[in-house]
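Okay, so here's just one chain, in structure tokens, the form predicted on its own.
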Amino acid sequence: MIETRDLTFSYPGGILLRFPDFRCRPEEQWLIWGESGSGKTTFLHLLAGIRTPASGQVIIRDQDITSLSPRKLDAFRGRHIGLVFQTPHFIDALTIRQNVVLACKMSGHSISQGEVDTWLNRLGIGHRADALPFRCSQGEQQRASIVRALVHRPALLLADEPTSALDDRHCDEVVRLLQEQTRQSRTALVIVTHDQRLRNHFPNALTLTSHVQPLA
């Protein structure tokens, strides 16, 4: 499903960050753990093709995405990868339903409003479909962001700190929803976090440590 080999990233100022090799098989669920400064978000951005590595490979569904042109990479990401960020980044002038439909169209997928409503109902926020994002609670926005990431049934879901701003009850809800919905969609799940509450929820975990060194 997804595999990294000899992955490094170069920061401005001559700093090189090295990452351990990683492999996630189809339908597996992984926690990428690390303290602040260990490169968790950078690692997730490399997995998603948002950042370009200094060296190494990111292979998803037998495709080395580091070899793709920006246009082909955008198309590949839209077909195969779903992203859940700590901050949902909705368009405030559009309703929750419209935000999800727009995200699908931008990734090259066609979806009806009825299909979106089915997903929103599935995650318990169907009654908020016509609400503007800023009028929704933090938990409702997070659920909507999960719908937006999963509605086109990606092969891989990447989540960046999805629970760090949530209280214990909402944290448990989001973890359960991510696990249940990716399992039903047969989607591989990778969560990047420093939230220790998630440790007992995931049998597969990779701990990142700071492997920073000056460039030669």
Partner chain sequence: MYSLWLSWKHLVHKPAQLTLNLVLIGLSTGLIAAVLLFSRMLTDRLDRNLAGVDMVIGAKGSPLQLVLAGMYHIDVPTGNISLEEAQAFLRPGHPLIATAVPLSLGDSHKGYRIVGTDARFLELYQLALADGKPFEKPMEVVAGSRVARLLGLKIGSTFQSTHGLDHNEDLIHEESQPFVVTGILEPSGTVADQLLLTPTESVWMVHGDHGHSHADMESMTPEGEDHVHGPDCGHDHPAHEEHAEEPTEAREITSVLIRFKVRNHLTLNMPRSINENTNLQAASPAIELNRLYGLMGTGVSMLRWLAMVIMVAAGLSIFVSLYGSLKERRYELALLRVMGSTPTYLFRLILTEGLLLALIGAVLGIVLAHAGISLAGHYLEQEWRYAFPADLFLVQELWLMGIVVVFGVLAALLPAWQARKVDIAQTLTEG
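Numbering follows the first chain given and starts at 1. None of these values were measured; they are calculated from a predicted model.
Keep in mind the form predicted in complex with its partner chain is missing from the figure; the text below concerns it.
Contact between G139 and its partner chain in the model of the complex is not found at the 4.5 Å heavy atom cutoff.
Not displayed here, its partner chain is approached by D92 to within 4.5 Å at the level of heavy atoms in the model of the complex. Using a 4.5 Å cutoff between non-hydrogen atoms, N121 does not count as a contact of its partner chain in the model of the complex. Its partner chain in the model of the complex comes within 4.5 Å of a heavy atom belonging to A75.
Using a 4.5 Å heavy atom cutoff, H45, R71 and L83 all lie near its partner chain in the model of the complex. Look at 45-53, 24-32, 168-176, 58-66: in the model of the complex, residues with non-hydrogen atoms within 4.5 angstroms of its partner chain sit in 45-53. A single residue from the set V116, I146, I96, A103 has any heavy atom within 4.5 angstroms of its partner chain in the model of the complex; that residue is A103.
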